[in-house]
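Single chain ahead, written as structure tokens, the form predicted alone.
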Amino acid sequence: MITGRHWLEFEKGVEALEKKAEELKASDKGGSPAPEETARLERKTRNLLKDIYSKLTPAQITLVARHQDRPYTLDYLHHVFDEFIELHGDRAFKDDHAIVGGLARFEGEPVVVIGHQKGRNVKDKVRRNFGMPHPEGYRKALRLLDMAERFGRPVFTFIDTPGAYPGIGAEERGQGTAIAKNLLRMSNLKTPVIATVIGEGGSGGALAIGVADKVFMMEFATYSVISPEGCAAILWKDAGKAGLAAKALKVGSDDLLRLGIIDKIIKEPVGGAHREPETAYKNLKTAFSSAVKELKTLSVADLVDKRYRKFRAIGVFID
């Protein structure tokens, strides 16, 4: 039997095919099963995955974005960058493990990296507060942003959070202010900034490290002012209508590119980034390389001005 793999509710057909292939291999005592049968099952599985993922609903995309095997920030940092050195603490209260960041090299150039980090197992999920930062996490990010500008290093941020932690302690320590200061700082940062939504992009907790010259989004990630469940609970007093809310919120990358919220969709392998992480790393690295070359041609004044105009142009306003 296949172990360690997690199928989503709409992947039942894929699950059946993959288990059948595994049983076929296990039943052949002499080694591998007939090559023709193995190849047939693999083709059928891949074609089914292509068909399923070509017409995902917003609600299904949300499930993919939250998949527990999906690459997280630290995975990208270790596979897209070199010489990553994590830096800790906000120099005021403590180190928030829901935000990771530090120094690294991208194609030989020193850079600063920052991102939300979820946990893989129960212990790590609790330690990282399920990827929901406290204000000290955003203050740590702010410290790294200041460092990046001081030394002229490009910044790469990775967005993957349900939202900033809404607990009493976080509010007492200035959650809203911490996010607002990051928005202000990123809007006038005098060095290139590239943000990528790799999983969930939830509310101000995501935007706090999302004001960038280039905003990328993995194909099956989500980006929204609120989670579908939270929206449904507020509008209809029924979290069960999350699917309807996801559609209305336009959480998917295609809608967000069309609306001008993001600049580029990073293609994922068939079946999502969790199935072939190496392909996801490669695709993102290629996009980074192109973006850095483009942004380095701009003067500091043009860089900041274009970033300002980019975000001011988002949305439609009627007097």
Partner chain sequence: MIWLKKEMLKNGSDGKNVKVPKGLWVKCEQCGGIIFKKEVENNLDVCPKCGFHFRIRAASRLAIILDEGTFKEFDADVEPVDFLEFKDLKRYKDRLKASQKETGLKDAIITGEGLINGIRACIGAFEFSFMGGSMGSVVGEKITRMIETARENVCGAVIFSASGGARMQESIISLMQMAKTSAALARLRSAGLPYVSVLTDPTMGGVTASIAMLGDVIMAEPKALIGFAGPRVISETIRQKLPDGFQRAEYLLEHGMLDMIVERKQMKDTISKLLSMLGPSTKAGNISRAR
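Positions refer to the first chain, counted from 1. These numbers were taken from a predicted model, which means no experiment stands behind them.
As for the form predicted in complex with its partner chain, it is not shown, yet the points below apply to it.
Contact check at 4.5 Å (heavy atoms) against its partner chain in the model of the complex: none of F10, V80 and R127 pass. This chain appears without its partner; in the model of the complex, the one residue of R275, K250, H67, K267 with a heavy atom within 4.5 Å of its partner chain is K250. A heavy atom within 4.5 Å of its partner chain in the model of the complex is found for one listed residue only; from L142, I226, L103, L74, this is I226. Within 4.5 Å of any heavy atom of its partner chain in the model of the complex lies no heavy atom of H6. Using a 4.5 Å cutoff between non-hydrogen atoms, I85 does not count as a contact of its partner chain in the model of the complex. With a 4.5 Å cutoff on heavy atoms, E171 counts as touching its partner chain in the model of the complex.
Its partner chain in the model of the complex comes within 4.5 Å of a heavy atom belonging to S187. In short, of 87-95, 162-170, 147-155, 111-119 it is 162-170 that has heavy atoms within 4.5 Å of its partner chain in the model of the complex. In the model of the complex, no residue of 273-300 lies within 4.5 Å of its partner chain by any heavy atom.
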